[in-house]
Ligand SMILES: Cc1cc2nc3c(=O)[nH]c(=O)nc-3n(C[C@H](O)[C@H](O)[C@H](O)COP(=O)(O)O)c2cc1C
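Coming up is one lone chain in structure tokens, specifically the form predicted on its own.
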């Protein structure tokens, strides 16, 4: 099994990395291959809704988004992690996710998603909710933990002092592993849920 972990922080080895590191240790102990890709320090522009991806099979802007796409397709689960800026995720991460989810046309159904947020103090719940939207619009089940998936720290390394936060990450990784394995068994026995043709309803006709 494979998990793709996207770090939206611009700080290499920052507090968001500590959270993902706790999860990665659990994944590897459970026999799950986990790869962390840092995007918060990349030069990523937002989606311009040109829809060229439908023709090209990839985003027209050839950057880290197109590097992530095949990794996402192969993965059984996706973890997206971000520091909190003004009760929102890092803008570079949001630009990456907008383009990654819009430009990839493979079926994401039943890939397991989990979001992780890091803050000095507040804004975690709003950011957590924001990141989960990418999963709920693409038929991706969301893994949960013993608390909302947040960890706290401001200066580099301070998240190491948040024992509850680190434990929350470890529990999240174990629950995510269980869910991915359970879904894999379910696919073998029952297949994926029946699909319907999407009914597109617009407010202006």
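Computed from a predicted structure; not experimentally measured. Positions refer to the first chain, counted from 1.
Beyond the structure shown, there is the form predicted together with the named molecule, which is absent from this document and is the topic of what follows.
Can you work out which of 58, 51, 154, 45 has a heavy atom no more than 4.5 Å from the named molecule in the predicted complex? For this set of options, the contacting one is 154.
If the cut-off is 4.5 angstroms on heavy atoms, which of these, 120, 133, 105, 71, is the one near the named molecule in the predicted complex? Going through each option in turn, the one that passes is 120.
My question is simply whether residue 97 lines the interface with the named molecule in the predicted complex - judged by any non-hydrogen atom within 4.5 Å. Taking the distances in the predicted complex, the answer for residue 97 is no, it never comes within 4.5 Å of the named molecule.
Using a 4.5 Å heavy atom cut-off, state whether residue 126 contacts the named molecule in the predicted complex. Taking the distances in the predicted complex, the answer for residue 126 is no, it never comes within 4.5 Å of the named molecule.
Look up in the predicted complex whether residue 83 has a non-hydrogen atom within 4.5 angstroms of the named molecule, and give yes or no. Yes, residue 83 lies within 4.5 Å of the named molecule in the predicted complex.
At 4.5 Å between heavy atoms, is residue 87 in contact with the named molecule in the predicted complex? So residue 87 counts as contacting the named molecule.
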